[in-house]
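Below you'll find only one chain, the form predicted on its own, shown as structure tokens.
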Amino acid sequence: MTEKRSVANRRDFLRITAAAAASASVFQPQFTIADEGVKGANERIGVGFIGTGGRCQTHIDIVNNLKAQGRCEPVAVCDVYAPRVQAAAQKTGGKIYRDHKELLADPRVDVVCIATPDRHHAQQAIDAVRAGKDVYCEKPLTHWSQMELARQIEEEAQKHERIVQVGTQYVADDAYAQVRKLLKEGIIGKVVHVQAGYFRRGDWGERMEIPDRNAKPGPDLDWEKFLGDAPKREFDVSRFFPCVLFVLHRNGVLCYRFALVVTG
């Protein structure tokens, strides 16, 4: 397979996974891919997953869907927590790694999906680009204290001619570009005021259950690697398995409000 074909295929993969991840919280994604026939195993894009927690499960589901279409192949999984990466390996058939640099050295990996804690995103993306891999990285691209690394990612991606796609919800959907185009064309007249509101009331939210409250640092849990460049601190099981929970009103509702005031 030529490099030109390989890059084109990786671009397709990143475009599709970005759109699917952006829409995942709204509806079950449906893929529309030009039928090129089922590819042989050595022609498929090899995908590696760095960070195999809750967010990564959507990535895995999408890639498994694309695998069924003969477009890609999950080949490697990496996490600092052994039970989690073992479960991901069972779900994907990928080879297990506990260090992301070892995964990046795997020649079967063409693209990596990064879904680790925020502080790890930038450095892992840089390492991946330098290793000749294309990157799909969960938001945010960098932790707020690492903004200089965002510029470095851009420089490294251009230098090594690699693709870096940052996953976002909603805003990557083509519908927003179409709405902007229609507004610029004056479909509703001149926009003079925009008012938007978001209200969330309910005892639900983003949750990740603590699978083992007795988990401790050791062979199956690399606490130091998990901390990365964060300030060193004693192990805390609730920090290792964070649970983000919104509790505002037990019987509340979720509503959105959006209004346009136009003339002409």
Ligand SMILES: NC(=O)c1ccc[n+]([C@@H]2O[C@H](COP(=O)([O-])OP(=O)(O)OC[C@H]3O[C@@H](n4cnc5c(N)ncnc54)[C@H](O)[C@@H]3O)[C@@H](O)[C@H]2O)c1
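Please read all numbers here as calculations on a predicted model, not as lab measurements. So that there is no doubt, residue numbering starts at 1 and follows the sequence shown.
Not pictured, yet referred to below: the form predicted in complex with this ligand.
In the predicted bound form, this ligand sits within 4.5 Å of a heavy atom of residue 84. At the 4.5 Å threshold, heavy atoms of residue 55 reach this ligand in the predicted bound form.
Heavy atoms of residue 80 reach within 4.5 Å of this ligand in the predicted bound form, making it an interface residue. Mapping the unseen interface onto this chain, residue 129 falls outside it, with no heavy atom inside 4.5 Å of this ligand in the predicted bound form. Using a 4.5 angstroms heavy atom cutoff to this ligand in the predicted bound form, all of 140, 167 and 242 count as contacting. The partner is absent here; in the predicted bound form, the one residue of 73, 118, 156, 110 having a heavy atom within 4.5 Å of this ligand is 118.
Contact with this ligand in the predicted bound form, defined as any heavy atom within 4.5 Å, is confined among 87-95, 132-140, 157-165, 183-191 to 132-140.
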